[in-house]
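Two versions of one and the same chain are coming, encoded as structure tokens; call them structure 1 and structure 2.
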Structure 1
Amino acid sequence: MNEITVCIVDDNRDLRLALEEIIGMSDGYQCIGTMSTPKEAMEKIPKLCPDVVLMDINLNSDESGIDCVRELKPKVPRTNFMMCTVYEEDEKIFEALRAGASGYILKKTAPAKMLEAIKDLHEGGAPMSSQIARKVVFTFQHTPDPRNQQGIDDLSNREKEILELLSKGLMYKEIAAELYISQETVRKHVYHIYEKLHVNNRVAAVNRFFGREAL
């Protein structure tokens, strides 16, 4: 089994070291980089292309973690971003999801739960509270826009099939089992779906597929 590669972006040195130790000591995970500023993250993450980035939502800088994700996601579309936050601030977290993050976790989360969330994110899940998930669903239901059908006709039947399964909340490994293909093949299809629909996360892809306004 390949290790899940992780980068950490946080301006708190003690927290960076703690997260690095948790990931480094756990089987199946590898920390390949830690950064303390948005500038450092912008330079290093496109070169490292990690599977998952743990991104502090409130970096002590002119640019927030949300700004960082917004700029980085198009450059590393296969990387999943998880926002790390002290408090569950609804609007900031929702803004981060719109920017391209695929989930979030509280900094006080126990190490085992943190690792579980990273794995879930890597396998196609979207770790977030039911409260935030409801906001996402509300956006799906109340922002129809037929202009966002752009790119749908370019999708192959297999890609449409995968989007249907993503819309039902299935993770990559579940989609792979359902379609009798490998998880890596699912990832490649999802990457091509993002390219064709001009989106940078699964929430926006599903949204556009159903003719809604992308997040």
Structure 2
Amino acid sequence: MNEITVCIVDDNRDLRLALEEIIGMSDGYQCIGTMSTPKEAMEKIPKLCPDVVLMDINLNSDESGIDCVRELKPKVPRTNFMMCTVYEEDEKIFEALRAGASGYILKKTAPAKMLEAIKDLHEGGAPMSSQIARKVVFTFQHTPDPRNQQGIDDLSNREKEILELLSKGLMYKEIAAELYISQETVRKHVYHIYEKLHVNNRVAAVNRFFGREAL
């Protein structure tokens, strides 16, 4: 059967044990590891690859829970991170979501609701208050639409690679060095990229790359 595997990262021993027990006792959930520091989490979580990580947002450490998520998420992209916090600290929660977390719960939440939130998270939801959702929506609204990336898929892989470097502001010379090819080849690739995207300069190409409107 498919239990939801969970790890807990919290420097408070009592809370850690309490959470572990709640999860361990519940059907359909399994606690496969607990950690008390970001360092420990950085080591163990990539090996355990849990479905869900409950991460204290305020770890007493040189590294916050938020930073820990930022570093871990790319390494275990299929793991969902749920932040645990005592108060509704909007700014920190917002930060954590940006860093790669997908939801949060208050520590005072009742066990049943907590398990429900974990399930929700695991099934593709993002448990959060309506207020936080609004902040996220606001940012989202003022963001370019990635579907405006017209023509990007017509590019070959090499061309996409070059466009990416181009978009970082590198010169032909630098791109050539980076890819171990001649500057003239880069130039030619760029020439084709422009043709395919119907643009005629770097900035326009980069804007397309980032899904911003052409002119």
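Only a predicted model underlies this, so the values are computations on that prediction, with no experimental measurement involved. In this text, the rigid core denotes the largest set of C-alpha atoms whose superposition between the two forms falls within 1.5 Å. Throughout, residue numbering runs from 1 along the sequence of structure 1.
One of the two isolated chains is the form predicted together with the DNA, namely structure 2. Put the two forms on the same core and the Cα of E161 is off by 2 Å or more between the two structures.
With the core held fixed, the Cα of A205 is displaced between the two structures by 2 Å or more. With the core held fixed between the two structures, I193 has its Cα displaced by at least 2 Å.
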